[in-house]
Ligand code: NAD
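Single chain ahead, written as structure tokens, the form predicted alone.
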């Protein structure tokens, strides 16, 4: 098997990067050797290194954004927001470390002191996705480095150039090259990295299928911490609201931003009967107006491509399957160019499909499901094995309170999109969406482990009961006289 790798621009088909797959054993040998050096740096020094990294991101912001746009196919405006998120992650992670993994000490004159401190795990494997190839892995890397871990980062084989650029900025900021390394390769490289005996933790962002495979592989090895950030079959529920236009904009933002390639994207639009005839035409009319074009087009498009032709074909096949099994086409999803992975937004009513497939269709395709009332809407929202994000549009405060209480998801919003979560809050889901180790602000929790101590500066101890008196013989037992 050849170790040569090539990355092409989705919007043009032009080659953007050439390289070769890395050697897992060689990379891990270097990582293990760097553990002692990095952990001996003070946490203050590690934080300053991350601040220098943020400055490097700012210094290279425009070429960084251009590279992200070229390799992912997303519009330049959106790539710029990703670069901004990479930079902002540093101060958020510093605050999170202080709050989530700070030190505590309780003094007692006779008993010494009790202390709580945190230790890094060691070598952390970070496996990144292609949809946010800089921001999402960076959300693992920065907290891991602050905590004192070293990192081996395997970017998606679909976005190796961005992954390489990200790691280069850490090195330019003065982080030693062996402390954070990039490992190029496909699924086999990822499997080898996850299974490597010297890896102490696996931080994964990607599909449920990939996350489940990692979970199974490491189920018998509790020594490795595993944080899984996976996808969603996310509902956006519409109750009564007079704000039809605003509701439509919120739904379109939820479903079609990043060409639907967000784990928090709305996949199912659940609408009560009384709102269907107003909301659905409004969403359709707005979706029809969305500009789909290459990343650097002027004026800037709302959507770019999906990641590659294979993905575009799979999404078109999924749309056709829904239509042939009882789905009612509202706005057909189309592929304007068979040679490039551009897709137009698709809307399809799947109410009549008795067993709707509970899968994450990772693209600009929104299923519409009509329900009679709020009870049925909540039941439909929860009709999934996933549990990442859910939004309620319209309704009253008590209805949102009920929605919040009864909807199974890690992110529950009201009159806001399902996507666009803040890095200053925990980010994660339940079911097939995660393993109860939320990322973003709570990433500090899985990058270090707590160590409790009781401490005295000199040994001081006594035994108050059960000792023989050294000056008197002990009383013999009755059995001893027999």
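Residue numbers count along the first chain shown, from 1. It should be emphasised that the depicted structure is a prediction, and the values quoted were computed from it without experimental measurement.
In what follows, reference is made to the form predicted together with nicotinamide-adenine-dinucleotide, a form of this protein that is not presented.
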query = Within 4.5 Å of nicotinamide-adenine-dinucleotide in the predicted bound form, do we find a heavy atom from each of 130, 186 and 213?
reply = yes
request  = Given that the partner is absent here, state which listed stretch (240 to 248, 335 to 343, 401 to 409, 154 to 162) has heavy atoms within 4.5 Å of nicotinamide-adenine-dinucleotide in the predicted bound form.
outcome  = 154 to 162
ask   = Among the candidate residues 270, 79, 365, 136, which is the single one with a non-hydrogen atom no more than 4.5 Å from nicotinamide-adenine-dinucleotide in the predicted bound form?
value = 136
message = Under a 4.5 angstroms heavy atom criterion, identify the one residue in 387, 206, 148, 201 near nicotinamide-adenine-dinucleotide in the predicted bound form.
response = 206
query = Does residue 263 reach nicotinamide-adenine-dinucleotide in the predicted bound form if we count a contact as any heavy atom within 4.5 Å?
reply = yes
query = Any chance residue 230 has a heavy atom within 4.5 Å of nicotinamide-adenine-dinucleotide in the predicted bound form?
reply = yes
query = Can residue 441 be called a contact residue for nicotinamide-adenine-dinucleotide in the predicted bound form at 4.5 Å between heavy atoms?
reply = no
ask   = Any chance residue 427 has a heavy atom within 4.5 Å of nicotinamide-adenine-dinucleotide in the predicted bound form?
value = yes
